[in-house]
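To begin, one chain is listed below as structure tokens, in the form predicted on its own.
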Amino acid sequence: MPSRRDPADLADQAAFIGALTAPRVPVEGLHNGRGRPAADRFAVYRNNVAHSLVEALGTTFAATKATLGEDQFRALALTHVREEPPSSPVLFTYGATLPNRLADPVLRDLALLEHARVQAFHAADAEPAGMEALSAVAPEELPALTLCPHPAAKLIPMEPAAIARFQAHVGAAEAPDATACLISRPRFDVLVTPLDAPTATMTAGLFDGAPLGEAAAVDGLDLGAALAALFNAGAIKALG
């Protein structure tokens, strides 16, 4: 039978946790092993916690950090840590709302893309379907075909300038016609595939469960190239 904790202990614990991300907020009753006041030790620990969280955010948002610069990103990340500390010990999910702090839409989209990449890396594993799976489908059945996305696949509509900044950061070729990025992780590596507007519109429809005939009814769509982009990225798990 689980033990009941003293409400006073829970209150002390809440105060301790809250003070970790609140600079210069004292915590009463802290002592070291010899019964001496430990406020100085707590201050060091608090700084270490903040530093670790800022570093974690810097790893997730590497391109955003490079664009903003070290000092400006650190100020942004430190504000985020203090105002929105982690609610889970699983740190790869941390930072989902940090992009909302960026007023520049290009930087905000860049940060959204970076966070989505980390989530894709930790998404469930699944064997992606190959393009050859389409050859087993009778032509008259193709319009009603549904394409189930891979668990790691996500479509991120983006400002073209944000896509350009990300491509430059990772050393990839420019994609001047792209208006969205497809995030995928078919096996071990996360892929970012820029998509033009017609392909992005079709992909959004497919990911929402629309049949191929409906999703592909987009002006200017090169259906063969669009499907090749999805399957080559490993973004499709199964046909239905």
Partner chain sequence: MSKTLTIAALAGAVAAASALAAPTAAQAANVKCFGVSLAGDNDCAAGPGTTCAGTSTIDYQGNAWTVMPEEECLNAKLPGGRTGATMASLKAEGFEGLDRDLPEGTDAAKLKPVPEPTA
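Residue numbers count along the first chain shown, from 1. Predicted model, so just to flag it, every value in this text is computed and none were measured.
Below: the form predicted in complex with its partner chain, not depicted.
Point to revise | Candidate from P157, P143, P86, P151 lying within 4.5 Å of its partner chain in the predicted complex - any heavy atom | key: Of the listed residues, the single hit is P143.
Check your understanding: Using 4.5 Å between non-hydrogen atoms, is L212 touching its partner chain in the predicted complex?
Key -> Yes, L212 lies within 4.5 Å of its partner chain in the predicted complex.
Exercise for review: Would you please decide whether M131 lies within 4.5 angstroms of its partner chain in the predicted complex, comparing each non-hydrogen atom pair?
Suggested key: Yes, M131 lies within 4.5 Å of its partner chain in the predicted complex.
Check your understanding: Can any non-hydrogen atom of D125 be found within 4.5 angstroms of its partner chain in the predicted complex?
Key -> Answer yes; at least one heavy atom of D125 falls within 4.5 Å of its partner chain in the predicted complex.
Practice item. Using the partner position in the predicted complex, report whether H51 sits within 4.5 Å of its partner chain, counting heavy atoms only. Key: The answer is no: H51 has no heavy atom within 4.5 Å of its partner chain.
Review point. Just one stretch in 103-111, 164-172, 134-142, 70-78 has heavy atoms within 4.5 Å of its partner chain in the predicted complex, so which one is it?
Key: One stretch meets the cut-off, namely 134-142.
Exercise for review: Within 4.5 Å of its partner chain in the predicted complex, which residues of 219-237 have a heavy atom? Give them in sequence order, or say none.
Suggested key: Going through 219-237 in order - heavy atoms within 4.5 Å of its partner chain in the predicted complex - the hits are D219, L223, G224, A225, L227, A228, N232.
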